[in-house]
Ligand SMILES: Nc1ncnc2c1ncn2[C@@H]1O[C@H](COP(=O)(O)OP(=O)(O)OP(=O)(O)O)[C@@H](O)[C@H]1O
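Below sits a lone chain in C-alpha cells, taken as the form predicted on its own.
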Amino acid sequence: MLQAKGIYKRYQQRQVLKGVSMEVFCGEMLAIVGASGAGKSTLLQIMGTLDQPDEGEIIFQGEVIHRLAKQKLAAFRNKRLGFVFQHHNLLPEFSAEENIWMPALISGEAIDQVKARARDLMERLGLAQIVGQKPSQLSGGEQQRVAIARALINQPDLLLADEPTGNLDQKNASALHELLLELRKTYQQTIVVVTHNQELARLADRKMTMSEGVLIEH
C-alpha cells in the first residue's frame, strides 16, 4: 500500500531521519517503537503528508504523493488517510457526533450520508450513549474513541496513530488495543501505530524499531 524510499529529514542541526526505507502492506497492523526523539513521529507525519522529506519518496499505491500540488495533497489526505494522535484534538464547542462528522463534511459529502455513517461508527465503537455530549463531558477513553471514529468517517485506506494510548490509563489503553485489533479484523483496516506501549506493539502483525533515525525490522 505505502512505500517509503530513502527518507531523510533534518531539523536545524539535527538529522532526524537517515535514509529510512520501509513498506506497509494492505490489511496489516504495523507498530513502530523506539525511544523519545528517535524519529518515529517525524516518519509518521511524513507518511501522512503532514510534513515533507528533505530527500526520498513516499509512494502510495504507485503514486509519489508528497509531490502532489497543495490542493490535491489536502484532498488525498482527507479521503485516503485517517489520523489519531495522543492529544485527541477534538473541537470543544461541538458535540462528539459533530466532531466525527468534520472530515466528511470538509470533503463535501451530503449531511444525511455523513450522519448515518457516524451513527454506525459510534454504535460499533461503544459511543451511542454520548452522541450529543461535548468533549469536556467525556472520559479520556471516550475522547480517544471519538477521535478514532473521526479518523474512520471517510473510510480511509490507511489509519496512522501516533501514541494513541499515551494519555490513557491501563484500563482504557487495553480497551483501545482491543479496538484497534477489531478494526483491522472487521474493516480489514491497514494501521500504522507509533507507540511506547510494548503491549500494543506485541499485538501488531509486524514491529519495527526506530533508533537514531534508522528503522530496524524485527
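Residue indices: 1-based, along the sequence shown. Quick caveat, the model's predicted, so the values are computed rather than measured.
Although not depicted, the form predicted together with this ligand is the subject of the following passage.
Handout entry: All of Pro53, Ile58 and Arg77 with a heavy atom within 4.5 Å of this ligand in the predicted bound form
Key = So, no: the whole triplet misses this ligand.
Exercise for the section: Answer for Gln86 alone: is it within 4.5 Å of this ligand in the predicted bound form, judged on heavy atom distances? Expected result: Taking the distances in the predicted bound form, the answer for Gln86 is yes, it comes within 4.5 Å of this ligand.
Practice task
Could you confirm whether Thr190 comes within 4.5 Å of this ligand in the predicted bound form, counting heavy atoms only?
Solution key: Flag for Thr190 set to no.
Problem - Contact test in the predicted bound form: Thr165 vs this ligand, heavy atoms, 4.5 Å - result: No, Thr165 stays farther than 4.5 Å from this ligand in the predicted bound form.
Problem - in the predicted bound form, Ser36 touching this ligand (heavy atom, 4.5 Å) - result: Within the cut-off, so yes.
Exercise for the section: From the candidate stretches 28-36, 60-68, 153-161, 166-174, select the single one in contact with this ligand in the predicted bound form, where contact means a heavy atom within 4.5 Å. Expected result: Selected range: 28-36.
Exercise for the section: Residue by residue through 172-198, tell me which have a non-hydrogen atom within 4.5 angstroms of this ligand in the predicted bound form. Expected result: Stretch hits: a single one, His196.
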